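Take a look at this single chain in structure tokens; it is the form predicted alone.
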């Protein structure tokens, strides 16, 4: 039986790299991308990091540094990033029988069946191919488990000149594990690392060799035990172990304070639309929708109105969920209040194929509504985000987030195609 082997492909400074694609003069120049509402840095190019720009740093605190070093700044353009991501993932699927997309800029490739390949050479070929045909630089980590491949990729991120690193060889793996900080192991994090250090576990090798399974499970739950086995070379983690799907949230601050109930309903409807689409991609339904509207925390008379709606049957129907959102806004709205933020949460997820029907419900057959949602998702996937949406989302979003530095949608809008002179 072939030994299991995985590769993790990670796009380097992905959002910044996407912005550089159509601005070649910015290659090897400092670039940062800001979060929603231009709040803080969520993507920082290596050149910007070298100048002191920190990931997650507030934008207003770094303005002097940006001006001093002429750092290029962009607002988030998720339509562009999503399209570039789909192109990268589509090309990656040509290199493996099994591809699992982990996030917008990461994917696991299963190389187990590629028994006659020099996998290190093959990974370098993939790296060169993706960078040639998409322009996006990538890093690749190889290992006999997903956790070990992530650790290999972590090493590449520290020294991106090497591009590819492998922990398949046991001797190399042993050398790396003895100095690999426990807090840098995928799925552990700093808080859990502090608890492990109290038991003398400071490195990945300490963690691998620790014999008391009950203590590990008490600190890190069953997933932590699986991480330990993965470091031991036993492949046992599914991505669902690392990524909870119990809650989906969509929250945004407004570009300017709003007082109108109708505009609040539009904002909540837009957030529900985004969350419902994401939920359908995960093949899930929800039983509970919660929504809130609030003022700024700095407002002298702070107010936050929040309520929940429980559906008689689990649903992923955007229109049904918007109706519930409208009811919540009606319930918690106060006139004359300067609202600055709203958000929605979808709870009590169940897989689509495990939906339980309400025997007493008089609701009609939902097949036509399900087909409508599928059609909407298909159109929006092909022609761009919110190409088609409910009228409840509004047509002119005066409440929309700030995005003063947003780049064009070069690849998804006819009106914003790049021009070549």
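Positions refer to the first chain, counted from 1. None of the values given here were measured: they were computed from a predicted structure. Superpose the two forms; the largest set of C-alphas matching within 1.5 Å is the rigid core.
Unshown form predicted together with the DNA; subsequent notes refer to it.
Among 206, 106, 83, 131, the residue placing a heavy atom within 4.5 Å of the DNA in the predicted bound form is 106.
252 is the sole member of 202, 261, 127, 252 with a non-hydrogen atom lying within 4.5 angstroms of the DNA in the predicted bound form. Using a 4.5 Å cut-off to the DNA in the predicted bound form, each of 189, 217 and 247 places a heavy atom inside that distance.
In summary, the region of this chain contacting the DNA in the predicted bound form, judged by heavy atoms within 4.5 Å and restricted to 28 to 36, 44 to 52, 64 to 72, 381 to 389, corresponds to 28 to 36. When contacts are judged by a 4.5 Å heavy atom cut-off, residue 373 does not count as touching the DNA in the predicted bound form. In the predicted bound form, residue 393 stays away from the DNA, with no heavy atom inside 4.5 Å. Looking at residue 280, you'd find every heavy atom of it more than 4.5 angstroms from the DNA in the predicted bound form. In the predicted bound form, no heavy atom of residue 311 sits within 4.5 Å of the DNA. For the stretch 76 to 102, the set of residues having any non-hydrogen atom within 4.5 angstroms of the DNA in the predicted bound form comprises 78, 102, in sequence order. Core-aligned CA deviation for residue 284 between this form and the one not shown: 2 Å or greater.
Relative to the superposed core, residue 306 undergoes a C-alpha shift of no less than 2 Å between this form and the one not shown. With the core superposed, residue 117 shows a C-alpha displacement below 2 Å between this form and the one not shown.
If you compare C-alpha positions, residue 279 and residue 109 are 3 angstroms or more farther apart in the predicted bound form than in the form on display.
Annotation for the pair residue 282/residue 149: C-alpha atoms recede from each other in the predicted bound form, by 3 Å or more compared with this form.
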